[in-house]
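Take a look at this single chain in structure tokens; it is the form predicted on its own.
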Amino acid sequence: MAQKKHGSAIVVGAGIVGVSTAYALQKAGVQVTLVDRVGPCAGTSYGNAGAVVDGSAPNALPGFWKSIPSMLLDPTGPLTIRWSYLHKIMPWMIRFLQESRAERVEHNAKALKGLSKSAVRDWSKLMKDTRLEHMMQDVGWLKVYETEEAFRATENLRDIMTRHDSKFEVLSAAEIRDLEPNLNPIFKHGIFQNKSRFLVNPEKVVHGIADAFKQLGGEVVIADITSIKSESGGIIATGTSHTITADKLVLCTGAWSKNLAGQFGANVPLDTERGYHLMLPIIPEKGISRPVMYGEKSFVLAPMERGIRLTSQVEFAGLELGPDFRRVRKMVPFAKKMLPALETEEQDVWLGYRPSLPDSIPVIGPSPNNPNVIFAFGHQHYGMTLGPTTGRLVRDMVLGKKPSIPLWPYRADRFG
């Protein structure tokens, strides 16, 4: 293969962030090897709700700590901590609660908005370039609330979104029914982000981008990278069955990034917010037209190409403990209450791992001790939304171009 004009790069991790990055680099003239231990979209990108959200807010909001006990005590609540993992997650939780201070919330919200403000535009361009436009729908992102108490609890969120110019509408019960007539008419309030988009089959989209990457001459290698080293000849990535050398390396391994990032000077407090989903049968003509979140229980129903996906809440249990599907199955009666026509026969069930940092901001930028190793991980709930934007920013770093936004808030060494 002819030498590419901008050298070579290894992209480790083939979720939406890695695949978007590999495609952007290959298209720009970098010869890219995309490495994953299983293959494109085998991890967290497979099982999400498909939302590309125009406007984001950090998870740690003022006063959040007050709601933690009630969430943990509620057997159908939005938060679970495996008690055997409590001692491991506690330092992360303390830092997370520190991020709920007003000044930190403003900083984190501004940093997230810096990324998400171009997410829809970046997605639209990528889908057009890869001829996948038919897989993205312009239907928005809807949250509905049954009780006045639950809606009032969103006041901080709405204030932050307003201050940071994240567009949304507050809907009445009648407006919710106009938008989604098949929902149970119990919901009194809604928050509608009408500029957001919806991917009807995230797995197919990621595979489509990976195919477009290969058509441009990129290579996909199946290997579990365990070591990254810098030598005079470049960056050497060593895995279970391959040793690969390139000029640059981009680390996009999501929740598995901590150890590899540590090999290049980044001590990041990365953990995983585990999330589950259930697939339920398609509902012809009696379903919903967009992802809808049940505010009281923090789960989403998303009308995917192959059925209704119920995506559940947050579980802290690390990467090693096995799945516990009981919690997500407890959501099925609430989903039936939300959408009365829903058929509840389980098609399949799945567990994924959201790579999360206490400030809700991903790490995007060079490693602290080698500019040829670039980090792009930690996107927590916004990985699907921010994949193409992250790929564009990494491409510009590799090419030596000035990034479109300052990358200081996303640096790897911000945690000290």
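Don't overthink the numbering: it's just position in the shown sequence, from 1. Remember, predicted model here, so these are calculated numbers, not experimental data.
Beyond the structure shown, there is the form predicted in complex with a small molecule, which is absent from this document and is the topic of what follows.
> Quick one: from Asp324, Asp224, Asp159, Asp129, grab the residue that has a heavy atom within 4.5 Å of the small molecule in the predicted complex.
Residue within 4.5 Å of the partner: Asp224.
> Could you spot which one of Ser360, Thr389, Gln26, Thr44 gets a heavy atom to within 4.5 Å of the small molecule in the predicted complex?
It is Thr44 that has a heavy atom within 4.5 Å of the partner.
> Any chance Leu249 has a heavy atom within 4.5 Å of the small molecule in the predicted complex?
Contact with the small molecule, no.
> Would you please decide whether Gly234 lies within 4.5 angstroms of the small molecule in the predicted complex, comparing each non-hydrogen atom pair?
Because no heavy atom of Gly234 falls inside 4.5 Å of the small molecule in the predicted complex, the answer is no.
> Would you classify Ala22 as touching the small molecule in the predicted complex, given a 4.5 Å non-hydrogen atom cut-off?
No, Ala22 sits far enough from the small molecule in the predicted complex that none of its heavy atoms falls within 4.5 Å.
> Is Gly254 a contact residue for the small molecule in the predicted complex, using a 4.5 Å heavy atom cut-off?
Flag for Gly254 set to yes.
> Heavy atoms within 4.5 Å of the small molecule in the predicted complex: which stretch among 280-288, 176-184, 109-117, 304-312?
Of the options, only 304-312 has residues within 4.5 Å of the partner.
> Any chance Gly39, Asn48 and Met384 all have a heavy atom within 4.5 Å of the small molecule in the predicted complex?
All of them do, each having a heavy atom within 4.5 Å of the partner.
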